[in-house]
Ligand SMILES: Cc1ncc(COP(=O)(O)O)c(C=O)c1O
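Presented as structure tokens, the chain that follows is alone, the form predicted on its own.
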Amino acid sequence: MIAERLAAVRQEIATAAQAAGRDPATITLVGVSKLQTATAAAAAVAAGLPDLGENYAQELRDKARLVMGARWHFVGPLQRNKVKYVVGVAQLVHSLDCISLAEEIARRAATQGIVQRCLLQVNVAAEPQKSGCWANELPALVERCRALPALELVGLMCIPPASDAEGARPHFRALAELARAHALPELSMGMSGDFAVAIAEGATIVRIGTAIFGERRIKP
């Protein structure tokens, strides 16, 4: 079932990319395996989906030990005391949102002799209940992140306000404009319900969970 769902999602991505005049190969599909079993995550890898995303640091740590051949992404809110579970395991951290977290990521990465790739999460609609820096905080945060030698800032991420796909469009467009202004090439935006619109607005990474894995199988 996962293989069939994955094929359908890939076809939708290709259709959306072609409609936007883009090459589908320029869009990375991250299968969000949050609260799915390690068996389901391994089935996705076996079906040809190497990029998997997790929202919880300890779940990422545990699955990374069990699922071979995956490229892991950390896509959920990250607390400083959980950075140790993520750095060096996730090839990309999507949810960096403040300088204290950036400094802890860089410190952990330096002790491992690596450079941790990260995206800055932007709270594009300034929703007080959501993670992410506000747009007016972004210039200073980009500058300070770029000064950390063990951290590589490669792009931006957002989770727009809950709405239909068209309602998300202005928020995706705003994130793309911010990324261009700061010369950041990667744009992680778009989930199961709105990824076609995100692709039209320039997403280079889409994060798809339910459309690939179905309902969650592990209690949070």
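Note that this is a predicted model, so its numbers are computed, not measured. From 1 onward, residues are counted along the sequence shown.
In what follows, reference is made to the form predicted in complex with this ligand, a form of this protein that is not presented.
**Student:** Considering non-hydrogen atoms and a 4.5 Å limit, does this ligand approach L119 in the predicted complex?
**Tutor:** No - in the predicted complex, heavy atoms of L119 and this ligand never come within 4.5 Å of each other.
**Student:** Are any of the heavy atoms in M157 no more than 4.5 Å from a heavy atom of this ligand in the predicted complex?
**Tutor:** The answer is yes: M157 has a heavy atom within 4.5 Å of this ligand.
**Student:** Using 4.5 Å between non-hydrogen atoms, is K34 touching this ligand in the predicted complex?
**Tutor:** The answer is yes: K34 has a heavy atom within 4.5 Å of this ligand.
**Student:** Does any heavy atom of M191 come within 4.5 Å of a heavy atom of this ligand in the predicted complex?
**Tutor:** Yes, M191 sits close enough to this ligand in the predicted complex that at least one of its heavy atoms falls within 4.5 Å.
**Student:** Work out which of V197, I205, I208, I13 lies within 4.5 Å of this ligand in the predicted complex, going by heavy atoms.
**Tutor:** It is I208.
**Student:** Judged by heavy atom distances of 4.5 Å or less, which residues of 63-86 approach this ligand in the predicted complex?
**Tutor:** Only V75 sits within 4.5 Å of the partner.
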